[in-house]
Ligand code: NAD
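Next up is one chain by itself, shown in structure tokens, the form predicted alone.
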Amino acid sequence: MQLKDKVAFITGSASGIGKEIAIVYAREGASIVIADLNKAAADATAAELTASGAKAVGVAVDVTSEEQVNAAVEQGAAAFGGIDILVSNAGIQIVHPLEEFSFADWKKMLAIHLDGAFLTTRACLKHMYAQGRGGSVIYMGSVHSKEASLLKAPYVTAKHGLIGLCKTVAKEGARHNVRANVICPGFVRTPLVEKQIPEQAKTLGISEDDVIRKVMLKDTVDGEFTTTDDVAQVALMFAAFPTNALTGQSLVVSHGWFMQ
């Protein structure tokens, strides 16, 4: 029970990677705040965890809304007596060539990935600092925090930006024993990635199979997608690590898609 008596606030956790992290954290003893734009899905996921014997609550939040983020964090903290772990995971993807990207879509992408990370971090840090028991802030980056791909200008920009935010939080949080780290997954076959396959096939003029083999997985060592459990296990390591020795870092989980 590596996370016994800890409270985790996880955004975008009604599905995909976020849900898998919630499941793993709950198994390790944490109380879970399922924070998601889709309130019904958040409640359903919380109910699944509760049925398995965990403590969980669903809250609705648009991570681009300062008011909603503050309210959701307060609701989660009130439910379980504080916040010990933040996993800033909510995200979307929009793909276009740069010259065809609308400014509205650019701003939407940065708002969800960067503004959302800032707002949830600020709201959770207030609790972590006041509690005096330390904490862990975990950002869901990407191999695109380290590298670029075609058609993803705002996504790559935002994911690079998370590393800068993480380093600052690691510096500021250290005296409160709050750590900050970034997980950088390769391609994980979530609904977000499934949606990209036909979009990239159309834009690049290749088959969907070629998108998978020649774009998404061509640089892996084994031609395999990263799994949600792969990512969740790294999230567990970051959350459970006992000292400030592991802070301000970014760890790539990509079957060798990117090596550093």
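For clarity, every value in this text was computed on a predicted model and none was experimentally measured. So that there is no doubt, residue numbering starts at 1 and follows the sequence shown.
The same protein has a further form, the form predicted in complex with nicotinamide-adenine-dinucleotide, not shown here; the description that follows concerns it.
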Problem set entry | Partner-proximal stretch of 75-83, 106-114, 169-177, 127-135 relative to nicotinamide-adenine-dinucleotide in the predicted bound form, 4.5 angstroms, heavy atom | 106-114
For this session: Select from the listed residues 71, 148, 92, 98 the one whose heavy atoms reach within 4.5 Å of nicotinamide-adenine-dinucleotide in the predicted bound form.
Result: 92
Exercise. Tell me, which of 197, 37, 26, 215 has a heavy atom within 4.5 angstroms of nicotinamide-adenine-dinucleotide in the predicted bound form?
Worked result: 37
Exercise. Heavy atom to heavy atom, is residue 53 within 4.5 Å of nicotinamide-adenine-dinucleotide in the predicted bound form?
Worked result: no
For this session: Tell me, yes or no, whether residue 16 is in contact with nicotinamide-adenine-dinucleotide in the predicted bound form, where a contact means a heavy atom of each within 4.5 Å.
Result: yes
For this session: Verify the contact flag for residue 63: yes if a non-hydrogen atom of it lies within 4.5 Å of a non-hydrogen atom of nicotinamide-adenine-dinucleotide in the predicted bound form, no if not.
Result: yes
Problem set entry | Non-hydrogen atom contact residue 188 with nicotinamide-adenine-dinucleotide in the predicted bound form at 4.5 angstroms | yes
Seminar exercise, completed: Applying a 4.5 angstroms cut-off on non-hydrogen atoms, the residues of 123-154 near nicotinamide-adenine-dinucleotide in the predicted bound form are 140, 141, 142
